[in-house]
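Listed next as structure tokens is one chain, alone, in the form predicted on its own.
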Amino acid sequence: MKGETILTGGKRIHLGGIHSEGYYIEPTIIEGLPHDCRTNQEEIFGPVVTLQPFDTEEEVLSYANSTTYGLAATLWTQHLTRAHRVAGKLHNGIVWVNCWLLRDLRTPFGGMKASGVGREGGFEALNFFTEEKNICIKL
């Protein structure tokens, strides 16, 4: 990409033992990427975050909802009304407000759009992990 800045991290970490063949990277913070670049549009299951400036709620919602994925989002604000308004407009299966990875296992968890199918946790898990079968016998 052109114009991005890696503020910290981005280098490979070499671990020993059973992890020696893996590919690990340092926690990484990147700024200066456009909202529609691959880094911002795909799910990166690693310690990578990008900083994306915005001026209005509408603008940041369009950025956040422009991806084909929707597993989770975090929202950081001091305003409870804003938290409810913006969280309700995000197309994600879970929205963490002022926290991350806090979860009650009795509640449903799963993504929207191309991020998973169904829900695990809560009563939804009964349907998700159940394969119904009808056995009919005439005696």
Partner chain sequence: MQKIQNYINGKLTAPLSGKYIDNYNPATGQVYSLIPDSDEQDVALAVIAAEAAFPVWSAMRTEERSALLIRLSELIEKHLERFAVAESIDNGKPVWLARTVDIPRAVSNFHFYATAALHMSTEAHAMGDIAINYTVRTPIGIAGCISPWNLPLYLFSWKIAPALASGNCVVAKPSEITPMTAFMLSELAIEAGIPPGVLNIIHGHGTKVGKAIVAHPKIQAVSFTGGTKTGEEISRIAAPMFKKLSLELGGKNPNIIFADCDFDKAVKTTVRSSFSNQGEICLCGSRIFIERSIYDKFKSAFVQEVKKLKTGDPLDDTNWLGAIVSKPHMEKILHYIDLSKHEGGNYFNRWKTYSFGWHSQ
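Remember, predicted model here, so these are calculated numbers, not experimental data. Positions refer to the first chain, counted from 1.
What comes next is about the form predicted in complex with its partner chain, which does not appear here.
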Is it the case that H79, even though its partner is missing from this view, gets within 4.5 Å of its partner chain in the model of the complex, heavy atoms only? yes
Please check if P47 has a heavy atom lying within 4.5 Å of any heavy atom of its partner chain in the model of the complex. yes
Is there a heavy atom of P53 no more than 4.5 Å from a heavy atom of its partner chain in the model of the complex? yes
Since only the chain is shown here, I'm wondering whether P27 would be in contact with its partner chain in the model of the complex (any heavy atom pair within 4.5 Å). yes
Pick out the residues of 105 to 131 whose heavy atoms come within 4.5 Å of its partner chain in the model of the complex. L105, R106, F109, G110, G111, A114, S115, G116, V117, G118, R119, E120, G121, G122, F123, A125, L126, N127, F128, F129, T130, E131
